[in-house]
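Coming up is one lone chain in structure tokens, specifically the form predicted alone.
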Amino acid sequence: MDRVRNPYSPGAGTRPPALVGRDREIEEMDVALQRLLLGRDGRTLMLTGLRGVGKTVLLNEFEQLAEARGYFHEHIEVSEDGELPSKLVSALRRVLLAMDAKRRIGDRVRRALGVLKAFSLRLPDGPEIGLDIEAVLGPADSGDLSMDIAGLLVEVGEVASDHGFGVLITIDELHYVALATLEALVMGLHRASQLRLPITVAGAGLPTLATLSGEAKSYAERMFNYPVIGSLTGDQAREALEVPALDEGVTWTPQAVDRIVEVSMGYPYFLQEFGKQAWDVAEEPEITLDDVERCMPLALAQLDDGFFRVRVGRTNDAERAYLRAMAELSPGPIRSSEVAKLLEKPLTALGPTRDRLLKKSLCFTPRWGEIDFTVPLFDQFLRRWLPDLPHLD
């Protein structure tokens, strides 16, 4: 069929699979945003789940909600170095400039930019605020990260409140952030909440995020909800495949849909990839089981090269052997002691390898002594990629 019309292609304009069945999370976020504008408490969301389940897509949806409610929005993606403060300063700077452009706020924005500059000057690689902006000392330059981030959020929140705006910062890959920095962010948001300021954060991260936030400050549990974003139910997965096609006048046979739901295990990213490839293979306005079977090698190759392999490209031989042993023992969670037994190595000898995989976010620890993959179906890829279990010297 016409590849131009493919409704499963990224950016096709149709509702992506990641949003199917997420009405509750979207409604919760919308209510929180409205409450904050009214000067009331609003529990925003910290999305947790494996990679490829649609957390980032949901954050994008929250951005649309915020803008429709009169919020200014900026997005931050945390990298493996865990750096957040300088990125937060840059995001808040863009928010202030956008508010000034809309309302010509002038001196009040310059003061807030001066507060950001004073904070930034204390950072090793702080972003440039502007040579013509004088640093405003006092609110956010004490050197205490928790107090200073609170000062930043309060300063920007007051500007927004005075002019009828809200501010939403979405932060992806929050699990990379160091515990002390996450604690400072939570405390800063708590202070802004106490003052009933319309500034907040919605975030996303791996399944460990809820635990990290709880360790950062116990009241984080009162400020955020932590929905687990996972695979879709069978009915939801079928809807994610069938509805976009119907909008283009195309149908699926029940057998074709069931096959994709089976191999994808309902994970949104994989549903979208298999749907895209099946559409391109099909020649008639009905996608059949034969179309799905013919597209399967191409879809798997696309996932292997574009989704899985990039995640193992930065691993060494020992780390790959550890991952392959986990795949042999999957589905998880897997006892670390069982991995050591399979590799015929003492548990303590494998500790550094395990720690590196955790830091690279290829794995996470569901409970003490256990380990699991952060990527759905990663075990199947590893068995395809490394058919035999490697041996460590």
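In this text, residue numbers run from 1 along the sequence as written. Keep in mind that this is a model prediction, so the values were computed, not measured.
The same protein also exists as the form predicted together with a small molecule; that form is not shown, yet it is the one meant from here on.
Here the chain stands alone, but in the predicted complex its contact with the small molecule, taken as any heavy atom within 4.5 Å, falls in 266 to 274 among 100 to 108, 294 to 302, 266 to 274, 74 to 82. Note on the partner interface in the predicted complex: the residue among 53, 29, 363, 36 having a heavy atom within 4.5 angstroms of the small molecule is 53. Of the listed positions (154, 89, 232, 321), a single one reaches within 4.5 angstroms of the small molecule by any non-hydrogen atom in the predicted complex, namely 232. With a 4.5 Å cutoff on heavy atoms, residue 57 counts as touching the small molecule in the predicted complex.
Taking the partner from the other structure, the small molecule in the predicted complex has a heavy atom within 4.5 Å of a heavy atom of residue 18. For residue 14, a non-hydrogen atom is located within 4.5 Å of the small molecule in the predicted complex, even though that partner is not displayed. Though the partner is left out of this view, residue 149 does not reach within 4.5 Å of the small molecule in the predicted complex, counting heavy atoms only.
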